[in-house]
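This text opens with one protein chain seen in two forms, each one given by itself as structure tokens under the names structure 1 and structure 2.
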Structure 1
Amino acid sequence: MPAIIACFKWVVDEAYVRRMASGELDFSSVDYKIGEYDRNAIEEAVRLKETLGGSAIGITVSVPEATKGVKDALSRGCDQACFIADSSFGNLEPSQTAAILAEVIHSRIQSFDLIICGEGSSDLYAQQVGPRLSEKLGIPSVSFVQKLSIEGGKLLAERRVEEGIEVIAAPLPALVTVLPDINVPRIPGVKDTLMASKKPVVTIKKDELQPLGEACLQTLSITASRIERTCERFGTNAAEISRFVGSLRKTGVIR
């Protein structure tokens, strides 16, 4: 009975990040969510356990406010969750996140068959935590997987690279990072949400962990990128269509 771990991050919904006149980012009206591609990671873990038996464990390193995200992961089908929470965990760098995950998985979960990460987190999109975590745990890893199965105690995966697809076999336990087209994440219903409240959550605090190393990458600044466009609107009647084409021609980009 395999134990499958899904790593997910609770992130700022980037659609709500605004630019202030000063060029700084404005987070005043943001909402949070489980990273887009981490939903695929959770879904894949849940599907695997549904076909193979065993359990799916959701794990996140986050700020204490992410209880909502933990509940969301449980609603999406994880059997239990591991919530590593501290108010200083909102701005970790990939090397630190991977170190914390490795320590907790190594000391608390111990026996597992597969770790599934998303292709990248929705906020940083560093695409590092997965492969870093596999090295910290000393297990094989396969990134950018679009299809996977566990057969005969082995991982079989289709990994997408620039020239096409590599079909790969690796011994377990292993780690994969999955592409968004591996599955379509389910949308939790009322019943799933109710059930989620009854599932076990292990919360781990910062003082239960080894002292956290310094960030290897130091952020000097984060500034909003600028999009300045004329934003002219057009309708759909004949006159408007011809005005639209006329405007394009005037810019010289079409003849």
Structure 2
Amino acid sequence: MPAIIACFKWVVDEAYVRRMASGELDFSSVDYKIGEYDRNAIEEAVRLKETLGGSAIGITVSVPEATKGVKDALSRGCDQACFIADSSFGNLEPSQTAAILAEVIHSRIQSFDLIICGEGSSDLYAQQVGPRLSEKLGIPSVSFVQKLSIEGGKLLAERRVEEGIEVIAAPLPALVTVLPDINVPRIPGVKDTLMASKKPVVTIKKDELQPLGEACLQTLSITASRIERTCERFGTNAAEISRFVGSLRKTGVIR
């Protein structure tokens, strides 16, 4: 029976972000949630567990205040959770997150068959943590998976590529990053939420880990996008296209 790890991230709920008159984003009243893509990862891990037996373990790297996210993951069907928490973990780079996850999985969990990550996080959407984690653990990685199964001790996955659908078989243990259309995440009920409080959570602090290098990226500001429509019409002949391109150059849209 497989042991499946689902990685997830506690992120800002974009529904609470407001745009100020200056164009800056207002985060003063935001709430948080498990990222949309990570909900698919958790759901797929739980579905495989329900079909094949075994266990589903949720794991996250976040700030200590993210305990609500850990409970949410448990209410969605994970049997236990690994909570790697420190106040400095709120703005990690993907390389740092992958390094922390790899260390904890290697030293604490040790035995596993499959790791499932979302396609990308709901905030950075760098799509790097999954592939970096598989590299550090020395296991196969399959990205953009829209359907997967475990048969005969192997991973069978359908991944979406530009040319169509690619079917891949890989030995276990392995890691996959899943697309949102792989499933529809369940909505936890009251009983699920109550049961989540009784499930085991292993909390790991920063001083129990290897020292992290300094972050190389720094966010200076975040500005809301803006759409301005000119409603300019143009025809399909060469003269109309040339005129339209000229107007775009005048407004600085293209050069």
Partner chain sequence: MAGIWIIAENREQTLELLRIGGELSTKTGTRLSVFLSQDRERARDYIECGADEVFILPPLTEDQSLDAYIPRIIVEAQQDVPDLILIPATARGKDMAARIAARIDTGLCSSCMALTFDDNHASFVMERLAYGGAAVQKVVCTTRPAMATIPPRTYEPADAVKGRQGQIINLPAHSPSTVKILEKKVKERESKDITESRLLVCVGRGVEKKEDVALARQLADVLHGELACTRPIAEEYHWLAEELCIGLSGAQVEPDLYLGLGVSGQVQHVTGFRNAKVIAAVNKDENAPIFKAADFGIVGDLYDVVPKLIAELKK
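Start at 1 and count along the sequence of structure 1; that gives the residue numbers used here. Between two forms, the rigid core is the largest collection of C-alphas that superpose within 1.5 Å. Note that the coordinates shown come from a computational prediction; the quantities given were computed from them, not determined experimentally.
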Mapping for form predicted alone resolves to structure 2
Checklist line | Core fit, then residue 12 C-alpha moves 2 Å or more between structures 1 and 2 | finding: no
Rigid core fixed, the Cα of residue 243 shifts between structures 1 and 2, in Å, by 27.6
